[in-house]
Structures are given as structure tokens and as C-alpha cells.
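Okay, here we've got a single chain as C-alpha cells, the form predicted on its own, with questions on binding and movement later.
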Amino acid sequence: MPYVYIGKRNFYFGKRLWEIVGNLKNFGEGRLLVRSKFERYPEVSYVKIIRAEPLMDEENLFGRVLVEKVFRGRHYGEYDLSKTAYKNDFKLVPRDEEEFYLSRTMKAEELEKLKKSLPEFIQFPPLLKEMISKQENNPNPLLKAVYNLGPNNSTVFIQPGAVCNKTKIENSKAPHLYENLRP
């Protein structure tokens, strides 16, 4: 007879943070931890424990953990990991593998090389451009681009005054506006 699972599946693999840290000297200060959730990326993702203060509750679920966060090879500084410490998703990096993780972290110079520039303005679709140019008596109206820049988009900067001259924008929400366009 086959097994029938009821409820949500747990996609985490590993131990809780406090199970690992509780067995280490000084609660693991200076040690590296990896979340199995982030092992799917080709770049390294890990946290280095700065300070850990367990709450010493019955099930060892809660406490305060301050870490240095590295996500996909980029250093994000200090981070409070207390809200995710109860998840059974952590693995301790052995001492002999720590150098591998530390060497794969990008330096500031490498991040500067990866910076991608985006234009400040985008041209309107052809039909809309004609309508706006007639209304405003402006032969070349431009649309100011709005970008959703989050903490993981640190390698993006906006060129002031630059205009996107592409006649077709990839992944547009309204691709039908660009159909039958002649260059």
C-alpha cells in the first residue's frame, strides 16, 4: 500500500542552527554555515557567525544570531539571522573546506567590473509616440524609466541622460505594441 502524505512538505535538508551552534566552542563564532536552500546556485552562499546568544528554551528554537552574509558570491555585511534560525536548513562547513568558500567570495574590484548600466529614458511605442508628440508639440517624447532596485541589484547603475534606442523591448508586458514595426 502506498504512503499518503498529508499537509505541507518540508523542503529543508540539514539541522537547525541551534543544534549545530550549541555543540561548538563559543557558540561557533567565526565558523561558516551553509543553507541547503542556497546550494542550488553556482556561486557560493554562506554565513559567518559573529555572535550567537541562544535563548535556552526547551526545544532550542530561538535566540539571537548576528552573521556576515555572503549571497551568490557577494558580501552583504552584517545580518540578523534570528528569524530563520529555527528552520532545519543549516549545514556546518568543515574547517578544511572553509578556504574554498572564502576564496570564491567576490572582492570590491570584481563587483565594479560586473556593474551594468541602464538608460534613464526609454522611447515610447510608435503609435503612442505619435499621439503624444501631436498633443505636446514635442517631436521626440521620452518616458522616464523606473527600475525596481533591491538589495541584490547592487551591480546596476543608471546613466543620467541616456536613452534606450531599441525598437523592441524584450519581455515587454505589451508585446502587441511592437508588432509590425519597421526599422
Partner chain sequence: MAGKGLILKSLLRTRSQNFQRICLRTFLADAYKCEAEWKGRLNNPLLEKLKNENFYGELLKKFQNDGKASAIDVDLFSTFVLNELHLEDLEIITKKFRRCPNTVHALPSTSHSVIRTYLEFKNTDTLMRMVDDRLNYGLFLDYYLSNLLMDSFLKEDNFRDAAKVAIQLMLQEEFDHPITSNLALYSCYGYLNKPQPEPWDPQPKPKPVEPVEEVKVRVDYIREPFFDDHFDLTQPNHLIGKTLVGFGKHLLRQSPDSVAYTSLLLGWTLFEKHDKVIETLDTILGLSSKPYLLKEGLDRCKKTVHDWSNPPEGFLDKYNARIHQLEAGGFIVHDNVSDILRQRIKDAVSKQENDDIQHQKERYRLWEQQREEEIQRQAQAIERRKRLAILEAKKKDLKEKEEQLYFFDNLDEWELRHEEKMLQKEILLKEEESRGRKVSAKSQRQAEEDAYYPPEIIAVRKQK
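Numbering follows the first chain given and starts at 1. Since we're looking at a predicted model, the values are computed, not measured. In this text, the rigid core denotes the largest set of C-alpha atoms whose superposition between the two forms falls within 1.5 Å.
Here the subject shifts to the form predicted in complex with its partner chain, a form of this protein not shown in this document.
Of the candidate stretches 40-48, 27-35, 128-136, 112-120, only 27-35 has residues whose heavy atoms lie within 4.5 Å of its partner chain in the predicted bound form. The shortest heavy atom separation between Ala52 and its partner chain in the predicted bound form is within 4.5 Å.
Shown alone here, Gly77 lies farther than 4.5 Å from its partner chain in the predicted bound form, counting heavy atoms only. Not displayed here, its partner chain is approached by Leu92 to within 4.5 Å at the level of heavy atoms in the predicted bound form. Interface residue remark: Asn165 is not counted as part of the site for its partner chain in the predicted bound form, having no heavy atom within 4.5 Å. Heavy atoms closer than or equal to 4.5 Å to its partner chain in the predicted bound form belong, across 15-29, to the residues Lys15, Arg16, Trp18, Glu19, Ile20, Gly22, Asn23, Leu24, Lys25, Phe27, ordered by sequence position.
In the core-superposed comparison between this form and the one not shown, the C-alpha atom of Arg9 has shifted by at least 2 angstroms.
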